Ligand SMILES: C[S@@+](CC[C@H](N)C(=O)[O-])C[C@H]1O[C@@H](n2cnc3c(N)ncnc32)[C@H](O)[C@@H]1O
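As a starting point, one isolated chain is supplied in structure tokens, in the form predicted on its own.
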């Protein structure tokens, strides 16, 4: 028999007692404290890893968000404030934002990185504080809360419509010790969820749903009486996310070495698992907590409206001094990476941004120029 990973052996122990919901399988695959994907010391978010986020592609992403931080602080009138990165990973994004603002902010502004798995954070940088539970963030102060590809990493259920019944996909082990899907009748909560969004799945249509998307967002939104929430993620509103013809097989995917796969059960703990989120859940959750939606649209337009092209990487090539061929090639690569965030058909076109505010002005923000 081939050698099995420690996490596979842990999952086998659980399967001895019966099938395992995919949601629970994903929880183990990503977040097992010893063997989970995000417990590994290697950083998966890099050109050498499994995938990249906007912050890892180019420093211009942090540059644009730094401009938003200044704008936010100007709106709260000098009050002690929090700048928070939820799902901070290795802490690189919040570190770059702080570095861009170094020496230009009052001492009553604090920076926070929050992540369930903090093993990849290389120690405390500057005055950034790292915690693994957002519930321990100081309450009551104005907060700018950034979530960059957070919710698409929430464990989700895989569902499929079979005639008049909604089924949930579970995981089981076969006689030859491989993992396969097994369908069970879905809990009523998932049928209620779809009905609440006015969604009727077609026969044989799959859907990927986390009941925690809205719940987690609402819990966080309730914590700060004055706040600006900025969420970057792959996803759509419900009326687009569950379109049968466009997404008949759902949106669940696995990533390894920058290759995408539908084999979600392969090598648990060795590949990232994700699905597009339902932004309607977040919008509704924020509104329940008295947040107003200020922007919802494509990431490229949002970043352009913030002023991302003021970064030197967007200057004309003939204005950039070069110290030789190697440096010129390095600068060209950096410029092309920056452009990926704003050009059509790239990550800037695929990602969506949701901005909601509570007890802050609802007009006059720079990013709202993207909607004009």
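What you see is a predicted model; the values in this text were computed from it and never measured. Numbering follows the first chain given and starts at 1.
Quick note: we don't show the form predicted in complex with the ligand, though the next part is all about it.
Site annotation in the predicted bound form: the residue of 154, 206, 255, 72 reaching within 4.5 Å of the ligand with a heavy atom is 154. Shown without its partner, this chain lists 148, 98, 299, 210 as candidates; in the predicted bound form, only 148 has a non-hydrogen atom within 4.5 angstroms of the ligand. Contact check for residue 331: every heavy atom lies farther than 4.5 Å from the ligand in the predicted bound form. In the predicted bound form, the ligand lies farther than 4.5 Å from every heavy atom of residue 221. For residue 248, no non-hydrogen atom is located within 4.5 Å of the ligand in the predicted bound form, even though that partner is not displayed. For residue 116, a non-hydrogen atom is located within 4.5 Å of the ligand in the predicted bound form, even though that partner is not displayed. Residues with any non-hydrogen atom within 4.5 angstroms of the ligand in the predicted bound form fall in just one of 283-291, 237-245, 175-183, 79-87: 79-87.
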